[in-house]
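Presented as structure tokens, the chain that follows is alone, the form predicted alone.
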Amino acid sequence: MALKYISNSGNKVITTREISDSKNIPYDLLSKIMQTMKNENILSSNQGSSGGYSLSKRPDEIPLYNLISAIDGEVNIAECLKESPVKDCSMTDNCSIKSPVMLLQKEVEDLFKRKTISDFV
């Protein structure tokens, strides 16, 4: 919602407070998310009295995968596919569906990499 708001503002620099008030998103939560998106180069920030955020690139140049990874971390459809998987599954060593799930995982990742922020704004 914040990226759509910023995207629809043209080249205007937008404050977190403006988005928070407009979209009824808790300010503290949104501030953390905006900072995370800045750290991941999804947003650029300007400091000072006329400061705020703008997109670091055009919306069609920001893959959805980057946004999801920045906010949620690894994108995995099954716990066992994580880099540091939780070893709670007793079937890990002889799982009969791991290969098809891994293929599905790749398809999901590829989809998120093809789709951009512009598909949602």
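Rigid core here is just the name for the largest C-alpha set that superposes within 1.5 Å across the two forms. Don't overthink the numbering: it's just position in the shown sequence, from 1. Predicted model only: the values in this text are computed from it and were never measured.
The same protein has a further form, the form predicted in complex with another copy of the chain, not shown here; the description that follows concerns it.
- Taking the partner from the other structure, another copy of the chain in the predicted complex has no heavy atom within 4.5 Å of any heavy atom of S49.
- Of the heavy atoms in K23, some are within 4.5 Å of another copy of the chain in the predicted complex.
- Heavy atoms of I71 never reach within 4.5 Å of another copy of the chain in the predicted complex, leaving it off the interface.
- V13 falls outside the set of residues with a heavy atom inside 4.5 Å of another copy of the chain in the predicted complex.
- Proximity to another copy of the chain in the predicted complex, defined as a heavy atom within 4.5 Å, holds among L30, L55, A78, L64 only for L64.
- With contact defined as any non-hydrogen atom lying within 4.5 angstroms of another copy of the chain in the predicted complex, the contacting residues in 94 to 112 are C95, S96, I97, P100, V101, L103, L104, E107, V108, L111, F112, given in sequence order.
- With the core held fixed between the shown form and the other one, V101 has its Cα displaced by at least 2 Å.
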